[in-house]
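Only one chain is included here, represented as C-alpha cells and corresponding to the form predicted alone.
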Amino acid sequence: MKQGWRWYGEMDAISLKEIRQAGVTDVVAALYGRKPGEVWPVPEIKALARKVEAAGMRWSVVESVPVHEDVKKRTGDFRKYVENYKKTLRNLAKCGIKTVCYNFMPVLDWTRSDLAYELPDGSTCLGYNEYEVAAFDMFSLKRPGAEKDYPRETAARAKKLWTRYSPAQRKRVEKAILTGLPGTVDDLTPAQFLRELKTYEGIDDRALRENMYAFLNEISPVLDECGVDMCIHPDDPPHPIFGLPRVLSDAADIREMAKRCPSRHVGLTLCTGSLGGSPDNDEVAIFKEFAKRVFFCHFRNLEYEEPGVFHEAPCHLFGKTDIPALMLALLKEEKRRGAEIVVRPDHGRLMEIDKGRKCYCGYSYGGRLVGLAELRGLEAGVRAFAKI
C-alpha cells in the first residue's frame, strides 16, 4: 500500500515535515480555499504540488473536489458547475493528479453526535448515537415532520434522553452535527441547516441517484480522456438522516452505480468507517466484489456499544471491520493490477501529544501516527505470512 495522509494545507495544525516523518509517501489534499463549483486553476494546483514535493512526498489524491449542491439537485446553475468540474478534472490531470475522491451526500459531508467521546485512557475520538441525532432533529432543530422518520421506540428514547440532557450536553450534540470541514461544508447554524434541508424537499433516494448517475456519465468522457479515477466516498452514516436521501450506503448501491455508470474510471473510496456505520455491511466482502473499482482507501475501525451507538476504536486494526482480512484482500488486488493503492489512516484519537493544537475533528497527529504505524506493521506481517 502507498502510505497516505490527509493534509489541510497551511491552515492545518500538522506540518508537512511532521507528515513526512510519519513515514508518509502520498499526501491527500485539495485546494481548500476554493468553494464548490469553482474551477481549480493549474497554477494553484502546481503550487500546492510543488510544496508537497519539496517536503519529500507526492500529492497523489484529491480529497475532495466538492460537488455543488445545484448539481446534486439538478437545479439552478448546475450545467455551469458540471462544466467547471470537467475543467478542474482536466487541470488536475495536466498536473499529474489523477485520483479524485468526492461524495454525493446532500448538505452534510458526514455526521457525528460527539466530537470528543472519551476513551478509558483519556484520549478522545468521534462518536455516533442515533438517539442523540434523533433528539436533536425533533426537539432542537424541530424539523417539520421529523418524528415521522423515526420508529416509535427510537423517538420515545430520544425524547427521554433530551429531557435528561443539560444545556451543555445539548449544545455538544448540536456542535458535533453542524461542524463542517474546510473546502467542503461550512459550519452551519440550525436556521441555515433547516433552510438547506428545505431545498431537498421532493428529492427522494431515487431522484438523487438519477442525478448522481447523470453527473457521472456527463463527466465520464473527461475521465476516459484524461485517465482520472473518480472514487466516491460512501454515505456517512450509511442510512437516512434529517429526511435527506441516501444513494451509496451498501453493496447494492455500489453495484447499481457500476451498472449505470459503465466507465472504468467511475469507482469507489473504500472507507471502512463509513461503511462500518451499518452493522449489515461486510467491508471485506464489498472490497472483494468491487476491487477493480477501488481506487483509494480509508482504513479505521468502530466499536459498537449497541445497534445505532458506536465510537471510533482505539486501535485501527480491531473492531467492527476485519482489517487484517481487508489488508490481505488489498495486497492481492495490488498484486493483480501491478500497482499500489493509496491508503490513509482515517481519523485518529486526540491524544496528549496534540492537546493545545487546533486539529480538525478526527485529524490529530498522534492518533493518525499510531494508526499509520499499525497499518504499516500489519502490511509487513501479512506480506510475510501470505508470501505476497
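Sequential numbering from 1, following the sequence displayed. Given the structure is predicted, the values throughout are model-derived calculations rather than measurements.
Not pictured, yet referred to below: the form predicted together with ligand DNO.
task = Could you confirm whether H68 comes within 4.5 Å of ligand DNO in the predicted complex, counting heavy atoms only?
result = Residue-level check for H68: no, no contact with ligand DNO.
query = Taking 4.5 angstroms as the cut-off for heavy atoms, does Y363 touch ligand DNO in the predicted complex?
reply = Judged by the heavy-atom cut-off of 4.5 Å, Y363 is in contact with ligand DNO in the predicted complex.
query = Heavy atom to heavy atom, is S60 within 4.5 Å of ligand DNO in the predicted complex?
reply = S60: no contact with ligand DNO in the predicted complex.
message = Can you tell me if T321 lies within 4.5 angstroms of ligand DNO in the predicted complex, counting non-hydrogen atoms only?
response = It does not: once ligand DNO is placed as it appears in the predicted complex, T321 has no heavy atom within 4.5 Å of it.
ask   = Pick from L248, C125, A135, C101: which residue has any heavy atom within 4.5 angstroms of ligand DNO in the predicted complex?
value = Of the candidates L248, C125, A135, C101, C101 is the one lying within 4.5 Å of ligand DNO in the predicted complex.
query = Pick from L270, M230, M105, I177: which has a non-hydrogen atom within 4.5 Å of ligand DNO in the predicted complex?
reply = Of the candidates L270, M230, M105, I177, M105 is the one lying within 4.5 Å of ligand DNO in the predicted complex.
ask   = So which of 107-115, 254-262, 219-227, 281-289 is the stretch with heavy atoms within 4.5 Å of ligand DNO in the predicted complex?
value = Only one stretch passes the 4.5 Å heavy-atom test: 107-115.
query = For the stretch 252-280, which residues lie within 4.5 Å of ligand DNO in the predicted complex by non-hydrogen atom distance?
reply = Counting only heavy atoms within 4.5 Å of ligand DNO in the predicted complex, no residue of 252-280 makes contact.
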